[in-house]
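For reference, the chain that follows is the form predicted on its own, supplied as structure tokens.
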């Protein structure tokens, strides 16, 4: 009898265990299925505004293709607009309060980020707890942060470098290590030697382009405005030093004066200048002259003779923002988070295909970043740019970068000719800027 009871108990236990296991498996299977369905059920249409069909638009289309593989019910339209037209349309819609016609996601240049955020509070989705910002370069995150909240998804870097012709520098008696971590004074000294030995200008310079000054300013952690956003030109020691360097280069005989983008590119593609100081995005334009392959390298930018200045800076760059009024805001955030904040392979692809250096730090250990570039004498240029990017001082660009540029550069002819001292010019420029932005 005991044996019968024991067998019965064992049978019950086995049945119970099997049933529980079966139910657990069924439950897990159901959960997995529901999870898969939830993922597949993301739906809706996203409209994205961007400019530059060969860079921003092409890269966003790559992101679109990747996201739609897992989310086929999400329709994504990437609209290509001229940068000025995009900014005007965005300003007009936001100022009018009309939400119809706005995109779900928009590309905003970093120099204009604070202007949009401050001018239209509540217009952009707060992404503070949606994106892991620790994975991005500090300087990039700071410029999209306002009152403790972060609104953008960081995209490309404008990390700056000193591109230079190794053959010209060798003729002047310099080795690659001689250009590492130098000051602007040393750069000018090298430029004079290059001009003497080769007859070539050290650099092309556009007297109407504020990019050169902006590179110098950020390398010392300063900008045209103070921490409260007020114009800070007249008493800005870093800006004064930057203008003095700019004037010295212009008047020293080591520069070839250019006007506009095309002339600037022609200066280095034709071999008329020995170096270019610009953002990493200039790489493609330099490599456009295939006959110069193996004759270029890149070094860190020079630094100012100002305490705290470093051999690292930024020029340009943009980021993605989600409109808070978007009917598919959660999908828009998920899209940007899935690709721009998690997809390492995506960043390898856009580096190779488009020359885009992202500010997503985990991607920079990828294979594309560590490849030697024969054009740059076998240098692992993107690996170097990535290291310099981590050293860029984070600053607040304020709301009126281009207005400050215009006020200063309207007076540059008088500075170059000594009609105005740097001090007097900056005081005049500050007064003009204050009147303009009242």
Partner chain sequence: MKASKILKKILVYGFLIIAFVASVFPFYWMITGMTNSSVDVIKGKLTFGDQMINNLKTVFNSYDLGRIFLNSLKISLITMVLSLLISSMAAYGFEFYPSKHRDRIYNIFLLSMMIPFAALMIPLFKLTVKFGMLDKHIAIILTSIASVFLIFFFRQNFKSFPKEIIQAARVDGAGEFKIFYSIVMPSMKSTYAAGAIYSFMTSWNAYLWPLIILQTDKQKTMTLLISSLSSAYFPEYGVIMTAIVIATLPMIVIFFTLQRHFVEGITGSVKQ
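Positions refer to the first chain, counted from 1. Not measured: the values here are computed from a predicted model.
Absent from the display: the form predicted together with the partner chain. The rest refers to it.
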{"property": "Listed range touching the partner chain, judged in the model of the complex by heavy atoms within 4.5 Å, from 255-263, 133-141, 241-249, 301-309", "result": "255-263"}
{"property": "Touches the partner chain in the model of the complex: residue 77 (any heavy atom, 4.5 Å)", "result": "yes"}
{"property": "Residue 83 within 4.5 Å of the partner chain in the model of the complex, heavy atoms", "result": "yes"}
{"property": "Contact flag, residue 89 vs the partner chain in the model of the complex, heavy atom cut 4.5 Å", "result": "yes"}
{"property": "4.5 Å heavy atom contact, residue 325 to the partner chain in the model of the complex", "result": "no"}
{"property": "Residue (of 177, 147, 100, 228) lying close to the partner chain in the model of the complex, criterion heavy atoms within 4.5 Å", "result": "100"}
{"property": "Among the candidates 348, 198, 93, 232, the residue which, in the model of the complex, approaches the partner chain to within 4.5 Å (heavy atoms)", "result": "93"}
